[in-house]
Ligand SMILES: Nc1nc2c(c(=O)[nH]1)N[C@H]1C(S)=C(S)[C@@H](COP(=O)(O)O)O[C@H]1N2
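In the form predicted alone, a lone chain appears below as structure tokens.
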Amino acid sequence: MRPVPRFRSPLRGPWLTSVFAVVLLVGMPILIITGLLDRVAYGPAQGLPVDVGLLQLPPFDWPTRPSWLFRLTQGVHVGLGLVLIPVVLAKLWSVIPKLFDWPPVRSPAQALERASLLLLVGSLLFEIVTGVLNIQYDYAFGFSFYTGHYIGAWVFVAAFAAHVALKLGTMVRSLRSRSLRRELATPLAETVAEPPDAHGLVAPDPAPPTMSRRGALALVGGGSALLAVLSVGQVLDGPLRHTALLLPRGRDHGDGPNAFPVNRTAAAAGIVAAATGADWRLTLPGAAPVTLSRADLAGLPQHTARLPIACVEGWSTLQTWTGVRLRDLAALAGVPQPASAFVESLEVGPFAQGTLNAGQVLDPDALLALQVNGADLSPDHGFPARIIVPALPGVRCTKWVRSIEFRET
């Protein structure tokens, strides 16, 4: 079937489509793997995502070392996801004539191919839209981001695998049909359409070129580079953070020791000053239940560790935290070798509680932090006390802690 006449760009063809495809073939598996690793980091004990049935990953205790592990996986996942958006859009542009083939299905094999393509494009656009909205804390879609994005990812994985199986041979043959070096050296004046192809991507009556193929590749690559520059500051401290124009919650967090990004403020969490004042107490249920004031905690042996904190929205930061080791609190509660710890916050809502595994509790740098960078925590950073554990997602580093139950089983 001949393409719709209005699609007359002389750049479209199997070779250019395959160049975009090979970039995605390299980038998408990294995106998938880092996304699944981040899901493991959240852990089933956190209860996110919920209601995923057979899609639930096997239980796995997320390690605490290296301490920057989640910072790396989440930063790569969000950063690479943004960088690949121009490539995805260029790939869709390169094959758009195929969307208007008529009749749409001419054989069972083509029906399978088009069904996989529909799921591939639909799930990919869904993941991009929900991911970008999540980065900006805009949950206009009205459902749980964690659950929707996770299920959408598995739909994409299945469709991506099917599409690669169907098109890998075509992609390899198309890449071999032209020299990348030669195309990068071909100016606009010498740019011509590819020979007619069996897939209908090449226009039968191509219009005069307005851009060379090297120009198209430069445009897409430049778009990806621009997104990288506008987002990489999210995982860097210091002046470069101000270059991250895509950074959620803005780039200016004031001055002083607590001047670094925060996901959920005290006001947004409904934390009032009265709840964190002189009457605040930390409860440690266990074999020997203990109740501690903040002064009591400050009187216990203090430990300082320089640890990163990273959030699902893609930002991360490295700060110096001081507080009481969780394993010391466990021993104080009469549970020196806990199997887990159940943490509750003054906050009300889905992030008001969380569970830590034994390795996370017993890590020598796992803290109930009272200070950051030598100063008391600010209300937005969890005053009077918050959890800080190496390699733990920020949402699981519970703020405004009111109780920690160390469990033997």
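In case it trips you up, residue 1 is the first one in the sequence shown, and so on. In this text, all values refer to a predicted model and were calculated from it rather than measured experimentally.
FYI, the form predicted in complex with this ligand isn't displayed, but the following is about it.
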Could you tell me if all three of Val262, Gly394 and Trp400 have a heavy atom no more than 4.5 Å from this ligand in the model of the complex? yes
At the 4.5 Å heavy atom threshold, is Cys311 in contact with this ligand in the model of the complex? yes
If we define contact as a non-hydrogen atom of the residue within 4.5 angstroms of the partner, is Trp62 a contact of this ligand in the model of the complex? no
Would Asp363 count as a contact of this ligand in the model of the complex, using a 4.5 angstroms cut-off between non-hydrogen atoms? no
Does Ser345 reach this ligand in the model of the complex if we count a contact as any heavy atom within 4.5 Å? yes
In the model of the complex, which of 163-171, 288-296, 273-281, 311-319 comes within 4.5 Å of this ligand (heavy atoms)? 311-319
